[in-house]
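Before any questions on binding or motion, here is one chain by itself as structure tokens, the form predicted alone.
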Amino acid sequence: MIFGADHVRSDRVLEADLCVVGSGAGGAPVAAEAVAAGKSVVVLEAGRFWRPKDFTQLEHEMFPRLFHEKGGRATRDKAVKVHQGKGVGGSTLHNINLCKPLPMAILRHWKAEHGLEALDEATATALFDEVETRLGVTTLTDNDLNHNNRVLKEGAEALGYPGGFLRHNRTGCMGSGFCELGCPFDAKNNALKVFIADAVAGGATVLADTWAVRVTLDGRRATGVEAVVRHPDTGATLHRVTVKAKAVCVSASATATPSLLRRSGVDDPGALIGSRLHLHPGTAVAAVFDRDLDSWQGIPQSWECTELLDLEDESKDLRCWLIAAFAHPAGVGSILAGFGADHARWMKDFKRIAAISPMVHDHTVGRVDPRGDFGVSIDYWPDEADRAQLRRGLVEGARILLAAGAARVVVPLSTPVEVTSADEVDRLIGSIPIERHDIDITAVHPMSSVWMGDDPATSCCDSRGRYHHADNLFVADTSLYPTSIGIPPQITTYAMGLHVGRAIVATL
């Protein structure tokens, strides 16, 4: 069963074989695997249990519902926005359904640096294949392109840049374009619909509106989790929940997982937890065309350009992924540059705008610390090399938009930089400083903050997700990645959930 704040009317003590903190792409498969093996499971989820009828397609309602800090989470200095989801199903409620498994080149790099005894290429490939089958992943076609993605495809092909159709986990999609606000048509084959549904059908208990306070420990053993049920609107503590468990898996995200572990006082002799954060940062370049595009309609991201991305050979320093990017009026209005009349001029062209986002496989190392009882504090700013990657992505994005027929292109700095012809694009290289608070930088894929490796002196967890300094404490989310992976992490995270879930079952 799934219970929210409306159903938990008193303090409670529960017992289970396994307590899972977080119900997204990592935690949901862990829960489903344990239930399938006959184990009792309690899942704690900070967000609400939302149903398709709750997804109103209104930005001012859905961002507070589906995102931490009402969509306003950012780094400590507010220079980078960090969008992270909440709700039963985690970030898979609002994601765009992008399905790209971990590149084998990245896995080989991890193994060379960290060993990863239990995660070879054959194991990883089998996990990815299983996840894609269970999620119903398919390759999109030309019929799935909205106008924004068609602009990206046509511009890239005109320049001879490589790219291709993306793969998604959607069934019965209506093409409404509201994916990031939750799908009212229930077309996403997400963590809630697939893995949480399986776990609940097998007897798992899911507590929504329930925030983990700390993992309880007795020496090297986790004994459970102390949590509180909070009012979903006010945040007031309503009741306390104690889960006594034989094993604990923390799958709360690459920001909340390290914060919870730190609050819990787990043994961390190298002070590693939270010290190696990557964000996969991105920004955007926009353009106005001489025709209506209605870029907010249809499937948001269906085609990619890989001209600047080569994860097979990092010596080439091609670490920038180019993808169509758009939003609804409030989201677009918050990103477009200018004030007053200048901003209004761009918004009047809303129907004719297309945009491209460069996202960087970042080498920058940030950190995350706990803030207060439940919050996180993120320190991160892309280093000079990563800013150069973003700059190059903006320049090539502008070139693609112009090749597709854009009338004018803007890089939305605080003082916007506009170009109207291909001859002007190269001057952008010296006109985009990428300084704090001068350009909108957003991250939706935090990772690497409680990373795995075979050596307890240089990593936090082993390659089965077990925390090195505790016998029955596991991690299963993007925290486990030793580095950024340069692509959306959905499929890799589901796969890690299956992998870690099976390792947990073997210990119970």
Partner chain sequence: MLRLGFHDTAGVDDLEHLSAGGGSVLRSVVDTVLPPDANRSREKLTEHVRFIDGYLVGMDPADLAQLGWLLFGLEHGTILAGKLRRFTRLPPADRADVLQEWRTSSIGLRRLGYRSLAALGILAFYRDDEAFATIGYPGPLMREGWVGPAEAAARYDALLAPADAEPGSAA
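Numbering follows the first chain given and starts at 1. What you see is a predicted model, and the numbers here were worked out from it, not measured in a lab.
Absent from the display: the form predicted in complex with the partner chain. The rest refers to it.
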inquiry  = Each of His60, Asp233 and Thr415 within 4.5 Å of the partner chain in the model of the complex, by any heavy atom, yes or no?
reply    = yes
ask   = Using 4.5 Å between non-hydrogen atoms, is Met347 touching the partner chain in the model of the complex?
value = yes
query = So in the model of the complex, does Arg502 come within 4.5 Å of the partner chain, heavy atom to heavy atom?
reply = no
query = Is there a heavy atom of Phe185 lying 4.5 Å or less from a heavy atom of the partner chain in the model of the complex?
reply = yes
message = Taking the partner chain as it sits in the model of the complex, is Ser334 near enough to touch it, meaning that at least one heavy atom pair lies within 4.5 angstroms?
response = yes
task = Could you spot which one of Arg371, Arg220, Arg263, Arg167 gets a heavy atom to within 4.5 Å of the partner chain in the model of the complex?
result = Arg371
ask   = Ok, Asp438, Glu157, Asp267, Glu314: which has a heavy atom sitting within 4.5 Å of the partner chain in the model of the complex?
value = Asp438
ask   = So which of 419-427, 72-80, 149-157, 387-395 is the stretch with heavy atoms within 4.5 Å of the partner chain in the model of the complex?
value = 72-80
note = Contacts from 11-31 to the partner chain in the model of the complex (any heavy atom within 4.5 Å), listed N to C, are Asp11, Arg12, Val13, Leu14
